[in-house]
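Starting off, we have a lone chain in the form predicted on its own, written out as structure tokens.
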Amino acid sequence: MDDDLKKPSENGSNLFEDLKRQLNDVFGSSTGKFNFMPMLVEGKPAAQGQETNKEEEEIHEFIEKIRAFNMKPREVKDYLDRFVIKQHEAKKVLAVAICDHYNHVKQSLNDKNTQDKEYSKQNVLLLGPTGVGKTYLIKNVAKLIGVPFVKVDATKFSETGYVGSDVDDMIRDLVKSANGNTEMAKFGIVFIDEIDKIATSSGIEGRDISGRGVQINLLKLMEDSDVSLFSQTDVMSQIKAAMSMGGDKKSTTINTKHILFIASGAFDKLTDIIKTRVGARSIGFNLQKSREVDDSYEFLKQASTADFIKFGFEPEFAGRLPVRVACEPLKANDLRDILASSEGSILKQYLDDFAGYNIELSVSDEAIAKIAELASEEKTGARGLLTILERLFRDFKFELPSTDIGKLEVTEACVDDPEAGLNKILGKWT
């Protein structure tokens, strides 16, 4: 088919060129102002040329920033401390991995000899329960470094890509996050959540082939692989691929050599495997204490490659995630600190929400402590804060904007009984 498109037609051009003109004629005449993808038209309009120059400048500035990377691990951790409460060990491990990775990228850009040297990429694996800040850590790291970032859920991928997504789609999503700029995307960060869900399982019906297939496909991406920007299962991608045959000079692939992969998961069942291997007593937990507290964190800190293999990871796949660290569960005091001192506190969102109605919101220290206590009971980490705050402020948000009340002071009593607190305020207003 490709050869047929390139054969000369009666007027001397090829069929592909004829098709482009016909498409522009049809769509242009029907809309009066249709611009059928400038890349299909021979030559570049002035506006497109200006956009191209701007894009080239952005790429140049970005590459120069990577070439000049000089951050130290402590600087990275200090930055993360502003946004993420606790997780000090995870921050240290992540800071070192990030600095090592981008120092290597810098050296590769500045010294061609470095490109030929063997280098094991320090892809990271974060272990721990939901809501402890794993995603937030990576988002802020990417923001600090200034590189494209994408978060994907491992459970949506399948081995073939026809039922579920192809693993290559995560790289295409990274390119999208970079506004289609492959030169910037190839230095970005891919965060794969729920990675524990693609572990294979042994049972009556044998091994989980799909999970194993996804792992094997991910192996290629995590090291050095060329990924097509056009998905075989996406019709629009195939149309764009066909269009690129007509003379588009942009690259149709992206290399993953300098993309950092960071994966995370709760790994609940891994804890049992580690307990069996090391025993509770070997790390200072007696039977009574194990019944009283969640000791998962203490065991996850001791996870070995053999444990991951027994859990259901292929040996090669476990080896592609050499940097591993467990995240601590959050207690009520930690949740209080998140509300009170984190620069990314969800409470700031509610302050802005009420400010949009010209209502000044203030929350007492006692109320913050009570909110944190209730959120801790949700057992969902920092996500529990949103659950409690939404429940607390739901009726306030509905009723107060229709009044001329300009200030809302939330006390511990109001947190205990939001309805009574609202009625009290409305009673004073009426």
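The structure displayed is predicted, hence computed values, not measured ones. Quick note: we count residues from 1 along the sequence shown, nothing fancier.
The following text describes the form predicted in complex with a small molecule, which does not appear among the structures shown.
- Only one listed stretch (127-135, 169-177, 102-110, 315-323) carries heavy atoms within 4.5 Å of the small molecule in the model of the complex, and that stretch is 127-135.
- Taken together, the three residues F83, Q87 and L330 all lie with some non-hydrogen atom within 4.5 angstroms of the small molecule in the model of the complex.
- Interface residue among I338, I254, I262, L300 relative to the small molecule in the model of the complex, by the heavy atom within 4.5 Å criterion: I338.
- None of N181, S342, Q122, N217 but one reaches within 4.5 angstroms of the small molecule in the model of the complex through a heavy atom, and that residue is S342.
- With a 4.5 Å cutoff on heavy atoms, A382 counts as touching the small molecule in the model of the complex.
- Among heavy atoms of D307, none comes within 4.5 Å of the small molecule in the model of the complex.
- In the model of the complex, the small molecule sits beyond 4.5 Å of every heavy atom of D295.
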